[in-house]
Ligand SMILES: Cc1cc2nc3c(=O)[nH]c(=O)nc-3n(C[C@H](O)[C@H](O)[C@H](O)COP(=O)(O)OP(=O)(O)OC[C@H]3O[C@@H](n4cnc5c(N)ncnc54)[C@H](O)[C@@H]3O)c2cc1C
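In structure tokens, one chain follows: the form predicted alone.
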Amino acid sequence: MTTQTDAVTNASTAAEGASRTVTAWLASFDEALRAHDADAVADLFEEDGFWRDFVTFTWNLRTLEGRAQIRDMVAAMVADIAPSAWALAEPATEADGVHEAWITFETGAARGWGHLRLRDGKAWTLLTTMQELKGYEELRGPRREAGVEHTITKGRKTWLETREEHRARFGYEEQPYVVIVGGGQGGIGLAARLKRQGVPTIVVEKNERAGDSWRNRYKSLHLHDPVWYDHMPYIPFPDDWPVFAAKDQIGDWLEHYTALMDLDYWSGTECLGAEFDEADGTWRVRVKRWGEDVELRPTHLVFALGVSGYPHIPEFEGADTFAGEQWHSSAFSGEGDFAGKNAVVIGSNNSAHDIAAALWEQDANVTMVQRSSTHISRSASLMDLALGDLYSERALENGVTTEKADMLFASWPYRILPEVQIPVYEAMAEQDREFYQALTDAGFDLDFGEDGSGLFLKYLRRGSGYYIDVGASQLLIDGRVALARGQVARIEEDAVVLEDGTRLPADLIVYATGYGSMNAWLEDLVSPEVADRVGKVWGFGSDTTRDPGPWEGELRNMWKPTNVDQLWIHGGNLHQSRHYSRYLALQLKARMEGIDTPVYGLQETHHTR
């Protein structure tokens, strides 16, 4: 009979054994790196092992796949990077023949945190991330500023006086090092990171108030992701916040967050265009701030305009003859008297379902037009099966903080992430089989992604094609929201006509048809030439061309150096904006301080400003 004491002893013994195995591997890894022996480093990995690096070794976001790629990176970078001090951050674990460990390490410029998986003594996955730059640590904890001079002198200025003087001068007599175009959650979170790093930054936002990008959406909008997944950097949501916050709560939170973090946030300011001045190595960013033309001269320019480009409205024959209202989902507030009116929602993803449900609640006669298959995950199932081990109260009770959850999610290279996700969605399909059968019986065209890997991979690959069900699916199942499938052939004065001839009477059309590429922002605000040099944004493929190109293991052109020096792209959902803003902020801080940043993995390895 095994007693509780025996179980504790066995667990402790297993942890000690796992820790010895990992410590021995780290010692061999450290020895090979110090010797600049790229072959020996590569041999410590499985033949098809993975090394995912965020900034520490590559000054880039890169995934090295297989020994050959790992060997090439180490040979190119190890002399400049000077890694050392590899150690366990906490006891390692072992399960199903896989040893897992949290590790710490240093480079010549920085301190890092990582995650390691070993199988049969070889590295299966290694994640290395930069956490802080040596000599440029954030002023927090014991390093925080006093905030006041206790030697009393005449003419001392208060915090408020100093801030008001700064804001009157900054952007005019004194220029920022970074300008962020876009003041939604991405721009705000990045600005907070840069503020803590001491990087002078201005955020440019055309809306009147921080948070308006949320407030101005349709009135029923709530977060579809749970609260634990959506924290901002440094200041988490209060622990009594609802699991799914309303859009206006998020808008108010972002506005207060901007004030609390004391950000230089220029609301009511539209970016008109930007050109790079080769003579002095800065950008000329033309903005209109509350009606006044201002030119900003930052060294680095960041576009933080979300996960997509402009709203996409298909050009349907006859749309200009429609007698009713037409809206893209991004501009549709849901305000108005829709009782008894015929509403057609074109699209079948998150916004389409939310808007269809909101219109049904207002007694409209609603039809959803599904033009292609859609993945549906029930919210409760997604929280339980896909997010519960990382982002939930259960995870917190098991010691998985938000920071650890972010790292664990990042520890799976995108190449093998489908292998990790497929079992989750197989379990979901089984758990919710009656729900899925009812949807199918209602005529809804379901999918689980191109390889059965579900929602997250669809998001990473396309940024669309899914709905997290928070109730609207039942409206379709019950027939309370009608469903039509097929492509739109034309629009008439009072109807939407599908290719099969189906005629859908309409007083209101809402185009829940998504967005274009983020690359379009670069075309309009900088130039088509710059957009071409940057290449396609988001999804998997090459960073070096508009064509999807070969697989390179990371999202294209996100949070890392682009092929246009001193131009960066930041965005994603709340989780991605929070996590990846750390690495973008550190890259910008390093350049401001003149730290050598040899970037690995662009068209050629080069050193940047």
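Here the structure is a predicted model, which means the values were calculated and not measured. For every residue, the number given is its place in the sequence shown, counted from 1.
Omitted here: the form predicted together with the named molecule. The next part is about that form.
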{"query": "Per-stretch contact check against the named molecule in the predicted bound form, the hit in 103 to 111, 166 to 174, 150 to 158, 262 to 270 (non-hydrogen atom, 4.5 angstroms)", "finding": "262 to 270"}
{"query": "225, 384, 532, 138 - the one with a heavy atom within 4.5 Å of the named molecule in the predicted bound form", "finding": "225"}
{"query": "Heavy atom within 4.5 Å of the named molecule in the predicted bound form - residue from 517, 207, 392, 402", "finding": "207"}
{"query": "Touches the named molecule in the predicted bound form: residue 213 (any heavy atom, 4.5 Å)", "finding": "yes"}
{"query": "Close approach of residue 304 to the named molecule in the predicted bound form, 4.5 Å, heavy atom", "finding": "yes"}
{"query": "Exercise: residue 40 in contact with the named molecule in the predicted bound form, heavy atom 4.5 Å", "finding": "no"}
{"query": "Residue 332, heavy atom within 4.5 angstroms of the named molecule in the predicted bound form", "finding": "no"}
{"query": "Contact check for 187, 218 and 521 against the named molecule in the predicted bound form, heavy atom at 4.5 Å", "finding": "yes"}
{"query": "Sequence-ordered residues of 552 to 582 touching the named molecule in the predicted bound form, heavy atom within 4.5 Å", "finding": "571, 572, 573, 574"}
